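Here's a solo chain for you in structure tokens, the form predicted alone.
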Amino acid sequence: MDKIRGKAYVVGDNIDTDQIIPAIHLVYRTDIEEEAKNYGKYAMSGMDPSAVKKTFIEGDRYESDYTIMISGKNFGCGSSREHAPLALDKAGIKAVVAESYARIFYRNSVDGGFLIPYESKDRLIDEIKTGDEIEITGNLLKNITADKEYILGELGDIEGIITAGGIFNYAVQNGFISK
């Protein structure tokens, strides 16, 4: 797995898919790149403004200044919409580090090759602040801003799927199906 480096965006526990991408924005086609960028534009727009200290995406942009999302427990709960990890991907999020995930969000993230869902036993939302510079190499997370390191859970069997760019590409690369 390549090194990921960028700014952290910190959220809390029980971040649901309506907060990640509200249902009203599920109207855009994903096979037209210019239209699909709208998923990035509206990523995290369902968050209660009083619950976040900084806006995830400024103005009319579709890419965020943040690369790594840090969450507490049960990230991606709610509906089973696969648009949630897609929206984060379009916004520029490369990895989410959470204490735990809703099962379907985790599967959608891996199957679509949208982002890397790392797990942490540490309560990083109490350790890392939005805007901190973070680097993830393998299962080591470094908070460069605070000069602290944390061990993340191993990716295990999902690493090959993520590296391939999703489960379809993985199946083709390994001869399970033909293109």
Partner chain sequence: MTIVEKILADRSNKDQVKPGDNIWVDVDILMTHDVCGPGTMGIFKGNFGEDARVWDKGKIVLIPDHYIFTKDKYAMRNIDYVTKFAKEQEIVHFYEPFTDDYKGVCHVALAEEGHNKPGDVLFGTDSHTCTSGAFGQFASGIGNTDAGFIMGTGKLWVRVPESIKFQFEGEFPSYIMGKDVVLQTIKDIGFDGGTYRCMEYGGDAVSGLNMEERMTICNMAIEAGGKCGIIAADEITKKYLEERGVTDYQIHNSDKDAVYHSVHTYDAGKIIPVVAKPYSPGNVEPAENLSHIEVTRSYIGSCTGGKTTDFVAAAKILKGEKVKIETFIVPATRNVERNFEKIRIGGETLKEIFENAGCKIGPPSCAACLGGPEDTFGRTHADEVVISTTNRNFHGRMGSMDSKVYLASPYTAAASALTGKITDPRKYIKKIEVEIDG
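Residue numbers count along the first chain shown, from 1. Note that this is a predicted model, so its numbers are computed, not measured.
Another form, the form predicted together with the partner chain, is not on view; read the next lines as being about it.
The partner chain in the predicted complex is not approached by K121, whose heavy atoms all lie more than 4.5 angstroms from it.
Although the partner is absent here, R29 lies within 4.5 Å of the partner chain in the predicted complex, judged by heavy atoms. The shortest heavy atom separation between T163 and the partner chain in the predicted complex exceeds 4.5 Å.
Within this chain, M1 is remote from the site of the partner chain in the predicted complex, having no heavy atom within 4.5 Å. Along 74 to 90, these residues reach a heavy atom to within 4.5 Å of the partner chain in the predicted complex: N74, C77, G78, S79, S80, R81, E82, H83.
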